[in-house]
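A single chain comes next, written as structure tokens; it is the form predicted alone.
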Amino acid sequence: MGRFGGRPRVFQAPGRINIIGEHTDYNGGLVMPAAIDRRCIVAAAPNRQRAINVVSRNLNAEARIDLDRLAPAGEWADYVAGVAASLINAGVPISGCDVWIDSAVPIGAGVSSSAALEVALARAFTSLAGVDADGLSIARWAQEAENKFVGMPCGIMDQFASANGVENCALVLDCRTLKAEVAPLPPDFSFLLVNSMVRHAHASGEYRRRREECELAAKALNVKDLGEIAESALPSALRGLPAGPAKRCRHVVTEIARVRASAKYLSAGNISALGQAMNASHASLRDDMEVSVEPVDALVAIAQETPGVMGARMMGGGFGGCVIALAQSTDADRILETIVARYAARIGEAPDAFICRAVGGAGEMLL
């Protein structure tokens, strides 16, 4: 780490895809994420100060964070300061360090660049402090940083997947109990990501409103969260809700059912049914959760119409970001080229796109 002159330890945390299960994590439901082979790298070394000196290669920016005066500043460095504050609140003895950040996780694309950063930082800070933390603790501290310091009311899925990913597998995570089952992915199928090139900004608006509407629905139904509503009880539940909260409730309950069914499809090798569930997920996100936008809908339609695609949907919290498509691995390159070409002709630029594979979670990189 020549920028600071120290000998660093290096840590990585992956981004994630979510195969199915959007807006269910903060509703106490099921999700099916997988860590992917796009990672955030954090190099860190102690500096004998009461400050974190941090450089972001991606942003070409640097900041100095006073560990005795941690407060949100509304800037990118809040992610760093927020993780430090979360760990200090948990009793982790954080000390000053020099930090270099370099990430290959696309920003604003719905593959959890912020969670990858938070988890990599949490791994770095706890390791420098001599604390051996498990993946669940890392995920909780990282989520707390984003919720309480950055101001983004996200669920725990992104951080959990980044911290606890399993090679060649998805995780079926119950966000109420925070218990996860491993779901092996079929080796002859691949997930394709295509960026709509519409940048989303969750912390300032619609995502927050969707969460508030879900909370209103849960309160009206006298449950802690919408994950408690059984699919069989949905018709009667909807009759007691205003139009907006009713639509959010319908999405959450049916999406949880789709995740549960998709886990069975994977176990049985029924990839066609998994693809159909992904298609149904997008329709629900578009019509009931109302978090899609026209360019994303167009990209999903292009993907779903492309021969060889088993299923496709928007991914992430909404209002932009990536579309995820499922296709046979032998045809994945050709299919991706077709989708990219058609969407590029529509928007006038080539979208970012790549084929990803599932990898293990965050950890130290031994040099």
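These figures come from a predicted structure and were not determined experimentally. Position 1 is the first residue in the sequence shown; the rest follow in order.
Beyond the structure shown, there is the form predicted together with alpha-D-galactopyranose (GLA), which is absent from this document and is the topic of what follows.
Checked against alpha-D-galactopyranose (GLA) in the predicted complex, the residues 96, 135, 295, 155 give one hit for a heavy atom within 4.5 Å, which is 155. Only one of 311, 28, 33, 316 lies close to alpha-D-galactopyranose (GLA) in the predicted complex, with a heavy atom inside 4.5 Å, and it is 316. Per the 4.5 Å heavy atom criterion, alpha-D-galactopyranose (GLA) in the predicted complex is contacted by stretch 156 to 164, the sole one of 156 to 164, 260 to 268, 191 to 199, 276 to 284. Proximity of residue 100 to alpha-D-galactopyranose (GLA) in the predicted complex: non-hydrogen atoms within 4.5 Å are absent; the residue sits far from the partner. In the predicted complex, at least one heavy atom of residue 207 sits within 4.5 Å of a heavy atom of alpha-D-galactopyranose (GLA).
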